[in-house]
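This document opens with one chain alone, in structure tokens, the form predicted alone.
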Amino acid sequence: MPSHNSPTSQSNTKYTIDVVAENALLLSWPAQISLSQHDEILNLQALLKQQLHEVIVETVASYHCLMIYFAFQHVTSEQLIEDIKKLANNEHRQLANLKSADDCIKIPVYYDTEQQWDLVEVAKHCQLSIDEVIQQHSSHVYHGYALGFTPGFCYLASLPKSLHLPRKSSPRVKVPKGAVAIAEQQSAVYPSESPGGWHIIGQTPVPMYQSNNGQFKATINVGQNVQFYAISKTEYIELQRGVNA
């Protein structure tokens, strides 16, 4: 990536803009987990799609970055940078037209100790009871900051400070599909069986994506709110049967 002092990088007080390819720009904000900053990124993303849809091919938002792919046959990177700056400067005047009502996805979780996952160890390390871990994890509303790692995997933040733990020193070779896990300031649901180093505290029967006729649809998308709620083993089995049916 070009340095911030290069001719291909420009900045303002909030973010930098780097030309990373002939058809791509990268906007970078301070590297932090911040809901207000992420809202700013998503608002700008929506404005770009609305106002510059003729030249923008795709945008990808994450915690503190916004990647923009554009039709370089129709616009230069220099001109697009100027257009982005103009939109960003007027962003606060246009937010009312872009913001929609908050939606919160409810995800059922069987917080399980039978599978010898990490719920007991998490409670021990956090100096909490198992019920307190469940209560604190499920009473919090999380925000989707980024999609990545594997299709349908959405990084959710922020965990209550009482549940902050580093990733496992020895990652599992297999994390089960639907595993609800935590690491550092984040929580997530593993959409498919895969290796992973997060602490598993439960499992959900809800699939994290659908794929029909070549169309992929994630259950949780960037910008959405998520809240987990506890269910019993019996409820988990019944919901799992419904999903399989």
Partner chain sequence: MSKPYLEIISCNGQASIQDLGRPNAQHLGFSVSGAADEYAFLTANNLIAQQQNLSHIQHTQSACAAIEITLGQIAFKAHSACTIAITGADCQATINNVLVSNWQSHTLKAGDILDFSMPKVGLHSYLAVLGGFTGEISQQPWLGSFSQTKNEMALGFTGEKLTVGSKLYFNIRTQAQTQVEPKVASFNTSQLRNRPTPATQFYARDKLTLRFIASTIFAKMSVAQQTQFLATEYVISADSNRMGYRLNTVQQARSTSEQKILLEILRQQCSLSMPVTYGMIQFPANEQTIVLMKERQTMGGYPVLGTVMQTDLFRLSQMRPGEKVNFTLISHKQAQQQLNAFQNKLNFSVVY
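If you superpose the two forms and keep the largest set of C-alpha atoms that fall within 1.5 Å, you have the rigid core. Numbering follows the first chain given and starts at 1. The structure presented is a predicted model; accordingly, all values stated were derived computationally and were not measured.
Here the subject shifts to the form predicted together with the partner chain, a form of this protein not shown in this document.
Contact between residue 148 and the partner chain in the predicted complex is found at the 4.5 Å heavy atom cutoff. Proximity of residue 114 to the partner chain in the predicted complex falls outside the 4.5 Å heavy atom cutoff.
Contact check for residue 224: every heavy atom lies farther than 4.5 Å from the partner chain in the predicted complex.
In the predicted complex, no heavy atom of residue 173 sits within 4.5 Å of the partner chain. You can rule out all but one of 148 to 156, 129 to 137, 106 to 114, 82 to 90: in the predicted complex, only 148 to 156 has residues with a heavy atom within 4.5 Å of the partner chain. Within 4.5 angstroms of the partner chain in the predicted complex, the stretch 43 to 73 places a non-hydrogen atom from each of 57, 58, 59, 60, 61, 62, 63, 64, 65, 67, 69, 70, 71, 72, 73, taken in sequence order. In a rigid-core overlay of the protein, residue 177 has its C-alpha displaced by under 2 Å between the shown form and the other one. Core-superposed comparison between the shown form and the other one: the CA of residue 56 exceeds or equals a 2 Å shift. The rigid-core alignment places the CA of residue 218 less than 2 Å apart between the shown form and the other one.
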